[in-house]
Each structure stands twice: as C-alpha cells, then as structure tokens.
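Here we start with a single chain on its own, the form predicted on its own, put down as structure tokens.
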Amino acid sequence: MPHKPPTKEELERRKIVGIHEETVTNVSANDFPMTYPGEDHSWDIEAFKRNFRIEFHQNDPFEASFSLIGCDASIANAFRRIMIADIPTLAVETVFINNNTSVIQDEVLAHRLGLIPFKGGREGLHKFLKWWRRPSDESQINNSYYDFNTVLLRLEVRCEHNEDAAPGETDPTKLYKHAHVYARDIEFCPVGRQSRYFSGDDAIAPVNPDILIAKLRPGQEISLTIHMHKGVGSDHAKFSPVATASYRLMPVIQIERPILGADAEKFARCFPRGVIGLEPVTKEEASREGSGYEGHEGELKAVVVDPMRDTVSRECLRHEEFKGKVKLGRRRDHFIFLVESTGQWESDAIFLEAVAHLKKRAQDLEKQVVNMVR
C-alpha cells in the first residue's frame, strides 16, 4: 500500500509541544530521517531557506525582541550562547588603588568598578582596540600596555565640608562636597591614537553615569587608576554585552469548543491581559449548523487575540468548565528572543554579530574536516 504524504494539518501538529495540566508531550524533534516510514526528512538547505524567517517585534538600542521561525533549537541556543559569552566588549580589568580611605574595602571597590558597563565610539571599540595578552614574563607586564589594547581611566575624589551649606542642613549631598561617588566621576585619559577614535560623544564613558560607587565623608578620599581591556563573557560576566539574552517557544492556544458569556470572561482572566479577547457572536455564526453558537447571537465569545503575550501558566486547565474546550501548546520551531544590551552594543547589532560568529565557526569547522580527510 503506497504511503500517503502527511497533510498540512498533520505537519503542523508535529511541530506542537503539548501542554497539559500535569504533563508535557511531544517534546522531541521528529523532523529527521527514519522517523516516519516513507517520508524523507533529510536536511535540505533550499527547504530551510524557504521556511526560515526572522520577525522583529521591538528594536530599541537597549532592548530587542524578535522571532526566529523555522529553525532547530540547537541553532537558536547557539545564538543565545554566543550573545552571552562570545561577543567581545571593553571592561575594567585591573584597578591600581593609590589611596582608599572610604568604608568600602579595596577588593569590593574594584569589583564594583569592574561591573560598570562603558560605552565609546563604535569604530574604536570594534576595530581599533585589539586583545591584550598577559606576557609570560611578569617583569615585562608594564611594557605590554599600548594605546591599541589598553584604555586608561582615573578616579580622584575627596570629600570635604561644604562651606555654603545652609545652617541645620542634614542632607549629606548638600552638607558635603563629593559625599557620593558616581560613575560620572570616572575620567577617561586618552593615550596615543585613542583621541582619534574616542573624543566628544564617542569618548569612553559609563553607560549610566548615575551608578553609585561609594559614599564618602569629610577627610575620606578615593584615588585610583583603571586599566580596561577587551574580553568575552566566557572569561568573566563583566565582559558580556547583554544583561540577558533568552528565548521562549511561541505559545499556542486552540479553542476547540465555544466558550460563551460569563465563562468567556472567566477564561480571559486566566491569561495575561491582551491574550484573549471577547467578541459578540455574529448572526452568521449563530445560524451555522454545528458551529456551537446556535441560539447565542450577540453573546460574548472568547477568541485568541495575541498568543505571544501568554506565559503558559496553565491556569485555564484548572477549571472544570473549560475541560475539553481548549488545548495549550508551544511551537517547537518558533523562538521568541529577548535581548537586553548593557549599552556597548546596540541590541540588534548583538544578534547580527552572533550570526557572524556562528558563520565563522562553521567555516573553521569545514576547513578542519577537509584537512582531516585529505
């Protein structure tokens, strides 16, 4: 008996991860050879090109949301890991503390400085600055710092009484000068060719100048020098260009039988706002035999408006009145990404750089495989 090709509905069903009250089903991918008799699911680049697409939902400098549709979880997860750990940024690496009489210990102060995200000219950060390598001979370390691999910063702050403070003033920021030390107090000191790439609006500076570093009182001071280098998040989290890079599968909500009236309102409350809408039953629907809406013209019915907003809490599955009326799931090949940049890269540029990284890795692997079989 010849094998019948699967219908479009069957192919869609295979892509859905079933979400039930207590279990999750159909979790394993099945689009590979020998899964279904008589069907060829071998990977084809032309089919991938036809089915794969990217849709952007939000694209702001610090936050981007987009969907990768038509790819495997291994590809989506590769992009996520590269964005977190493999895209280089500039961050504080070494702090030389000359004097610190604040209440914050030297190592804690250095750690706080290391986690401050900095920004600068795009060309200087991504093309001019190179990697710094620690020399094997520690006595030569001072000879390893150059304008193309090290950025110099200084922080010189001393707290003093404010002679112009009003009598009886109790606010430390008004009573003293430099009572609070902020990220904006860090001074960039260009060396060599750095002034060509990092000047004006492109100067090296904290992304958020209002980050509080320390609190001082009269007589206390902080005097230190900072060396910044390029690094990647796999070495230390301070080098990661993202505050978060995550994805989730696209929720699927299928209303199998009509949900009307008060039940429809209750059903909408089981989901985040905007997921489920309420619409009146039309005359055409009420007159259609077998629709389930017979005799309910004008009543409110529940409809799916925006499943992307859903968190798949399964709340609706807890209620008896919805048993057999709704099915929940997630699309296995639809990944909704959320990328929050720390400021050194724009959020969409981080993803594009991740694509370039993965492409280069694939090319390097191809060369190694070719060399192995020669």
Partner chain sequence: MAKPKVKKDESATAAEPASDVVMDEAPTSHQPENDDNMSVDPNENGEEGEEGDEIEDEEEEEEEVQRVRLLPGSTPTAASFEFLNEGHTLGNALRPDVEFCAYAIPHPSENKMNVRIQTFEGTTAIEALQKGLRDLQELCDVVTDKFIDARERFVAASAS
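Numbering follows the first chain given and starts at 1. None of these values were measured; they are calculated from a predicted model.
From this point on, the text means the form predicted together with the partner chain, which you will not see here.
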- Query: Should residue 59 be classed as touching the partner chain in the predicted bound form when contacts are defined as heavy atoms within 4.5 Å?
  - Reply: yes
- Query: Would residue 198 show up as a contact with the partner chain in the predicted bound form if we use heavy atoms at 4.5 Å?
  - Reply: no
- Message: When the contact criterion is heavy atoms within 4.5 Å, does residue 20 count as touching the partner chain in the predicted bound form?
- Response: no
- Query: Hey, in the predicted bound form, does residue 38 get a heavy atom within 4.5 angstroms of the partner chain?
  - Reply: no
- Decide yes or no: are 11, 321 and 331 jointly within 4.5 Å of the partner chain in the predicted bound form, with each residue judged by its heavy atoms? no
- Query: Which of these residues, 338, 54, 308, 312, gets a heavy atom within 4.5 Å of the partner chain in the predicted bound form?
  - Reply: 54
- Query: Which residues from 58 to 79 come close to the partner chain in the predicted bound form, meaning a heavy atom within 4.5 Å?
  - Reply: 58, 59, 66, 70, 71, 72, 74, 75, 78, 79
